[in-house]
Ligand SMILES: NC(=O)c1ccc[n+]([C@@H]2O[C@H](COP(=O)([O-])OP(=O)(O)OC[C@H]3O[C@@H](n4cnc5c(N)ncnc54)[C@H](OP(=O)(O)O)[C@@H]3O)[C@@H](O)[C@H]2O)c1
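We begin with a single chain expressed as C-alpha cells, specifically the form predicted alone.
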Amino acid sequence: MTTVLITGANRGIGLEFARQYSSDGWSVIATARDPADTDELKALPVRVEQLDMADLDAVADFAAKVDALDLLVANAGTNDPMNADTIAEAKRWARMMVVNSIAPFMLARGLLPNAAATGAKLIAITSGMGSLADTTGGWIPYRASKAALNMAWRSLALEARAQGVTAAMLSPGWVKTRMGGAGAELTPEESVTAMRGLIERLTIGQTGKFLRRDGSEIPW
C-alpha cells in the first residue's frame, strides 16, 4: 500500500489531502499540533500523529515513526504575524521561520533515506507570495518564511535527485481556508485535486521546481 505523510492535516488544505488520499486507498499518516483539535481528521481512516512543527526536537525524532514512505506533503504552516512592527511580532516571526521553513526542511531531510528506498516524492506546500518577483507587497514575515522554504527545498532537491527522489515546491493558489479567508478563489477540494494531479505527473526532471498547481513555473 502506498503511504503518504501529511503535516498540518487537521484543517484546510492538509485535511483535504488526507481526505482524498485516504479515499483513494492510500495509507495516510496525518500530523497535527494539537490532537484534541482533530475531530474531522479522526473521522477518516488515517493514522493521526502529534507533531508540533515549532518543536525541532520532535521534528528531528519524527522520522523514526515512519517506515515505508511514498510521498511527503509538508503542508503545516502559520501566517502569524502579518507584520513585524513590534518586538513581540518580530519574536513571532522568528517562530514562523521555524514552522514554515526550518522544520519542514529538517523533517524532509530526516525522511530522505526512507524516500530514497522507495523513490518517493517530497512536496513542500509553499506560496506564490514567496517569489521575489511578486510586487504586491505586505505580509513581509510570511513572504520571507516561504522564500526561505523555497531556498531550503531547492537545495534539498539537489541531494534528493542524486538518490532518485523528486522534491518540488507547489503553490496551492488562494484557497478558502482559515488562513486564506472566505473571499479566496478556490475551495480546498479544487486546489488539492489539481495539486494531486500535478504530484502524480511530476518526474525527476522537475525536481527543485517552484510550481503552480497547474504545473507552470513561478519565477523565483
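On a predicted model such as this, the values are computed, not experimentally measured, just so you know. A residue's number is simply how far along the shown sequence it sits, counting from 1.
Keep in mind the form predicted in complex with the named molecule is missing from the figure; the text below concerns it.
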> For the chain shown here without its partner, which stretch in 22-30, 173-181, 60-68, 153-161 has non-hydrogen atoms within 4.5 angstroms of the named molecule in the predicted complex?
Replying inline: 173-181
> If you check in the predicted complex, is residue 13 within 4.5 Å of the named molecule, heavy atoms only?
Replying inline: yes
> Does at least one non-hydrogen atom of residue 53 fall within 4.5 angstroms of the named molecule in the predicted complex?
Replying inline: yes
> Does any heavy atom of residue 95 come within 4.5 Å of a heavy atom of the named molecule in the predicted complex?
Replying inline: yes
> Heavy atoms within 4.5 Å of the named molecule in the predicted complex: does residue 147 have any?
Replying inline: no
>> Using a 4.5 Å heavy atom cutoff, which residues in 193-220 contact the named molecule in the predicted complex? It's fine if the answer is none.
In response: none
